[in-house]
Structures are given as structure tokens and as C-alpha cells.
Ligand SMILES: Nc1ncnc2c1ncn2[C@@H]1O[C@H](COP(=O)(O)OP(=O)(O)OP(=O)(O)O)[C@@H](O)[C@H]1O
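One chain is shown next in C-alpha cells, namely the form predicted alone.
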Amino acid sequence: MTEPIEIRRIGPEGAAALHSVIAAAFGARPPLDPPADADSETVETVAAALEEYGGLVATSDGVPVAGLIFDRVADRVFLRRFGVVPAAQRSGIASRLVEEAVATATTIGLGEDGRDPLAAVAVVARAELPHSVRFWTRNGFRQVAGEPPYLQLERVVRLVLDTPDAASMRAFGGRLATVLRPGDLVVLTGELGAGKTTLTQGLGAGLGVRGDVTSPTFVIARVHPPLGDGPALVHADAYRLGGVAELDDLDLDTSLDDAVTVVEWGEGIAEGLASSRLDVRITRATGTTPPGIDGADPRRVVVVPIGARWRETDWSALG
């Protein structure tokens, strides 16, 4: 398929176009037991399913070739009736539709204040269709639940964790270190005293690097060499930098490609250092005022993986 592909958001008005995709895509699959619910869809049932959260449809030269329905359940958005017509399969449109769906899903169901963020995008696949399961796995989804014939796979888009004290913040940093490798970028955001350096201390301990991890405010960047075979830790403070070029031009003792780089105050500055990154935002936990009556000052940590690097990452250790 060489015609340009256009992907657009639809509501009930797009039900006929999406139904034509569902009928062609699911009709081409082998018979299943029990039969797929998609086999009984009508234009009317598709329109009803699109009513609350809508969906996506992809067209080639104006002809519908792929699509899906969004369905938010708690802090997950499920991609329902995901299908590509047989003539458009193996053209790359399915993976492109996944990426558009994940990007769109992160905006679904948010309150006016941006609260109620999404944790993951999910799908339900049939165990009898291993090629379908492999497709979702290649696109960053991991099986988390389900019993054959129905398997639930998810792709994490945001992790939210509460840390009641500094020790638990360091412990989280240690767990975060287990998913990092050379070349990774972590951008830390949070008000003064939020716990950015505390988290980095745990990360440094988890990576096994030399030297005490302290705030780099007055040196802009500090390199902590590895004690073993792991990567170095570059700990930088972007507060006084004018842009990413200044950070990239620092006279460091290691290449950023060979190290894990953590940048405090990096939002809007450090993103250009790598095509993929972890955005980590630290705030005081909802409903608390610093410090609590018992001296506790809990924090909420929100981790957003951005870029292809994180598609196959197992995040279970961070919970």
C-alpha cells in the first residue's frame, strides 16, 4: 500500500467507516471458539461504543483501512475492535495506529485540572492467535492478566507511586536503577526540596557508582564512575543552564552514551539529549501539608516513559 495514510479521531459519526474495517478485518480471521464478539457488530452497536470516548480510523485515498474504539476502564484505556483490512496488512499501518492510539489515549478521561491520569493502554488478545499476541508484544505490550482464550496485555504510559519518607524515596531510586542502562536519560522535575537528589542517591546506590551523590547545583554536573561493570552516573542540574547545548558541551569525564544521565530541573532543557527519556515528576502527595503532624512529608512520584527505548521494559519492579 503506497497511498498516504490519514489517521483521524472519530465519534459516532464515523461508525459506518469503522464498521467496514471491523467486518473485513475480523471476518478474515479463522473461526474461534467462543466466537469473537466483533463478529456480531453492526453500525448501530459501533456507534454506541464510540459515544463516550470515540475511536480512530485510518484511511488510504479516502477508503477506511484500519481503526479501533477507545474504552476507558478505571486508569486503563482499552483498545477495542483494533483491526486492519487484509489488503493493508503488513504495510506498517498497524504499528502506526498503535502509536497514534497510545498518544491519544493519554488524554482520554482527564479532568479539567489534568487529574486522573492514565496508567496504561490495554488490549485483550486471543491466545489462539499467536501472531496477534506477538504483534502486541513487538509494540511494547506485556501480558499482565487473563486466562486463555483471553489474554490482557498492557503498555505502561505512566507510573504513580507514593513515598512516605526519604528512605522510601531512596529505595524507589534503587528500584528505578534496575531498568536503566547506558545512554538512558532521566529528567527530574519538582519544587525545591521535593526529593530529586534523594531519589538520585538511591539510583546511584542501585547502579553501584563511586562517591556520595549530592546536589550538583554549584558544579552544574558531577560524574560518578562505576565501581563495577555498570554505567557511570552523570548527575546534572539544569537550573542555571541556558539550553541543551550548554549541557551537551559540558567537559565531562564520560560520554553520555556510556552513562545514565539524571538532570534535575531539566524540563524544557534536557529533553534534546536523547530520543527517549524518563520524565519523573515529584510532588507532595495529595491531601498533605508539609510536614505532617508526625513529621512525615510524603511525596508522589509520577514516571512517564517517552520513546521507543521503553516499549519492552518490565516495570513490575518499580511498584
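Numbering starts at 1 and runs along the sequence shown. Everything numeric in this text was worked out from a predicted model, so none of it was measured.
Beyond what is shown, the protein has a form predicted in complex with this ligand; the following relates to that form.
Contact annotation for residue 298: at least one heavy atom lies within 4.5 Å of this ligand in the model of the complex.
In the model of the complex, residue 166 approaches this ligand with a heavy atom inside 4.5 Å. In the model of the complex, this ligand sits within 4.5 Å of a heavy atom belonging to residue 191. This ligand is not shown here, but in the model of the complex it comes within 4.5 Å of a heavy atom of residue 215.
Exactly one of the stretches 66-74, 28-36, 258-266, 45-53 approaches this ligand in the model of the complex with heavy atoms within 4.5 Å, and it is 258-266. Taking a 4.5 Å heavy atom cutoff to this ligand in the model of the complex, none of the residues in 79-103 make contact.
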